[in-house]
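There is one chain below, alone, in structure tokens, taken in the form predicted alone.
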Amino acid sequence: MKEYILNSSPVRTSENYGINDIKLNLDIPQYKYFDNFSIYTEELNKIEVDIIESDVGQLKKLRSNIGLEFENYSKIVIRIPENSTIEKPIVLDYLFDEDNNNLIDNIEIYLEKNSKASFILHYCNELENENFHHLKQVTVLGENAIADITIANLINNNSKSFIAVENELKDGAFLTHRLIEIGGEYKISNYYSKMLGDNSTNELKSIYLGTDNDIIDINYNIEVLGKNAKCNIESQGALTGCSSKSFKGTIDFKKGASKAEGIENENCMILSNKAKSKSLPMLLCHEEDVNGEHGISSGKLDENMIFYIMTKGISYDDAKRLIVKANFNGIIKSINNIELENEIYSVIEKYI
């Protein structure tokens, strides 16, 4: 087992806050071929898919902004050709089981000029065995391309989950990302976007759930370089048991990003006296003519609201679940996939 210092904040703050990065003792498992997955869409003939395994010698070392490196991993490259619209979602479905319990994957998504597509990356398991998952997901959007990507981490709480996202947006591109962070005793996520294009838009919507002794470390960083660019970070979370969460959210307006706008909001519901929450929202400005806003809220549930719900014949625990699901509802419903939405609600019911 080795100690790693991971997920470093783009700007350091006082060490006393204990939020700049996270130290974890990890045993990195050896790479194993993961064959319990599928990729499907009703319009598969309209897209280009290349699946590369480490044994073909085409892969370079994988490194993400989280800070972990891997020699061996699997890679999927998906390209949406210019002027193409894919109406149905492209689904990548991974099922962890006894023989497929370690996954190190790299998924690259390229949308060429004036193309449009949506994606669901779905990770779940059928057993309670320990799993290890590290995902690096890269998105590159050409001019006026539109992408909607949901990453749903629904693996069990005996597992370790590391999700790193890196994006590049050209002129007029519109990217929506949803990070559903429910599974894993370690939930470490890093999101980095480079908004190069004028009039580009990046929306990041995330939910996280901490239970038992879960450790959650979130690091979002959006660099805005284009004129009239817009970005929005919305994060909804809940902590129970002895779980702990660190949230670092940065919107960085670079020189030349005139008329750009950025909004950042995080809401964390504390459901236990032993749960701990830390948050570090940051707005960095190298350009005067920009508009940035951020807001952070963290606290226990409103007992008056719980009491009101209980007057309708609902138990205390069910009242808590209703409030949590109500806060998560806007992000979950925006997925527009009933089957996945119901699965997410079911997992939330299981852990709260």
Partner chain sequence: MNLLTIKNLYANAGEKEILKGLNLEINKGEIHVIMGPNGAGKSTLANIILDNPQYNVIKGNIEFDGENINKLKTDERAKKGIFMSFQTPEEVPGISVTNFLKTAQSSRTGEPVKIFKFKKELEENMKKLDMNPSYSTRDLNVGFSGGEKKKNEILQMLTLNPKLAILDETDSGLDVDAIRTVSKGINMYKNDDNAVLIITHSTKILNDLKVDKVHILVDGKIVKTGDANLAEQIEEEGYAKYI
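Numbering follows the first chain given and starts at 1. Note that this is a predicted model, so its numbers are computed, not measured.
Separately, the form predicted in complex with its partner chain exists; it is not shown, and the next lines address it.
Enquirer: In terms of non-hydrogen atoms within 4.5 angstroms, which of the given stretches 29 to 37, 66 to 74, 304 to 312, 46 to 54 touches its partner chain in the predicted bound form?
Expert: Answer to the contact question: 304 to 312.
Enquirer: Using a 4.5 Å heavy atom cut-off, state whether L322 contacts its partner chain in the predicted bound form.
Expert: Answer yes; at least one heavy atom of L322 falls within 4.5 Å of its partner chain in the predicted bound form.
Enquirer: Even though the partner isn't displayed, in the predicted bound form is N329 close enough to its partner chain, meaning a heavy atom within 4.5 Å?
Expert: N329: contacts its partner chain in the predicted bound form.
Enquirer: With the partner left out here, which residues of 205 to 244 have a non-hydrogen atom within 4.5 Å of its partner chain in the predicted bound form?
Expert: Heavy-atom contacts within 4.5 Å come from no residue here.
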